[in-house]
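Below you will find one chain, with nothing else, as structure tokens; this is the form predicted on its own, and questions on how it binds or moves follow later.
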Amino acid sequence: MPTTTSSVLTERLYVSRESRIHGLPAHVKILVVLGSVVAIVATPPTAVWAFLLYFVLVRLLLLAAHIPFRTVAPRLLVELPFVVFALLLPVFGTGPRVSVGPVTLSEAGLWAAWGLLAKATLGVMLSVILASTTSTADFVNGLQRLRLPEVLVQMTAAMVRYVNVVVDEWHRMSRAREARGFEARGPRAWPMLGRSLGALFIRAYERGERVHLAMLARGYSGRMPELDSRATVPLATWLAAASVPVCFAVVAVLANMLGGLGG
């Protein structure tokens, strides 16, 4: 069956592969990622060896999911704001300072920057694995099976469904501006871009109202339909999936007990 434009737009992050991770139920994968991230966050930055083990574990997950690193690398750019913030920590940090070339940096700030970058990168990589192995519909179903608040599930479903529609609308507006000779160069273009964003907000709001009225006309009663069969996940699947966050948790416990490299 040919892939429709709508399905392509809503599955930009999903990577179709045949792997055990792809075959796991979405709610199981969400819990695995959540547990692994909690273990990573609980690890002290000075335990460098622990973060190296985390990177090895994440790399093994990528191999198990048949996802090449060249697919993951561009998606890591989402953490760029964290990188900028981390680079400022050694400069404005307090406490003892160390000389790095011609500048002196805060020792505590260096450790904080390392911890922030390592934890953010690992968290993003785990999120990329989840997004690359879980389709949009399965992800929403996973949230339903985890018994998240209905309003949160509906907001997530609407966001992942229509974010690409809004982005495409912005691209059409950009092409229309360029066709009229507009060039976004310098502060002089900011008023026009601001008006364009305002117009985009109004269009998105009106589209949301039309979608809501269409849903009501089709019998929408305030609850999302159950899209999965609610099949019971075998115990063996739970145990195999739980081994991932358990490995992360063991490393985190050892890191807190043994301390960092100098501990």
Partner chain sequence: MGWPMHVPDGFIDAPVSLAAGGVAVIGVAVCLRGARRSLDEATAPLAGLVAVFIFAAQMFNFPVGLGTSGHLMGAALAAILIGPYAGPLAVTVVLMIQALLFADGGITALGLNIINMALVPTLVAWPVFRLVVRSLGNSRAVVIGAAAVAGWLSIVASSLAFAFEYWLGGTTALDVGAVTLAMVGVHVVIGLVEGLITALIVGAVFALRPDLVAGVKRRRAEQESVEVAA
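Basically, rigid core = biggest C-alpha set you can superpose within 1.5 Å across the two forms. Residue numbers count along the first chain shown, from 1. Not measured: the values here are computed from a predicted model.
The discussion below concerns the form predicted in complex with the partner chain, not included here.
Scanning 68, 234, 222, 219 against the partner chain in the predicted complex with a 4.5 Å heavy atom cut-off leaves one residue, 222. For the options 179, 73, 78, 103, the one in contact with the partner chain in the predicted complex, meaning a heavy atom within 4.5 Å, is 78. Residue contact with the partner chain in the predicted complex: residue 147 places no heavy atom within 4.5 Å of it. At a distance threshold of 4.5 angstroms between non-hydrogen atoms, residue 214 is out of contact with the partner chain in the predicted complex. Put simply, residue 33 is close to the partner chain in the predicted complex: some heavy atom of it is within 4.5 Å. Proximity of residue 141 to the partner chain in the predicted complex falls outside the 4.5 Å heavy atom cutoff. Proximity of 63, 96 and 258 to the partner chain in the predicted complex is absent: no residue of the three has a non-hydrogen atom within 4.5 angstroms.
Residues from 179 to 210 that approach the partner chain in the predicted complex with a non-hydrogen atom closer than or equal to 4.5 Å are 184, 185, 186, 187, 190, 191, 193, 194, 195, 197, 198, 200, 201, 202, 204, 205, 206, 207, 208, 209, in the order they occur in the chain. Shown in the overlay between the shown form and the other one, fitted on the rigid core, is a CA shift at residue 53 smaller than 2 Å.
Comparing the forms between the shown form and the other one, the C-alpha position of residue 174 differs by 2 angstroms or more, with the core used for superposition. A movement of the C-alpha atom of residue 44 falling short of 2 angstroms is seen between the shown form and the other one when the two forms are aligned on their rigid core.
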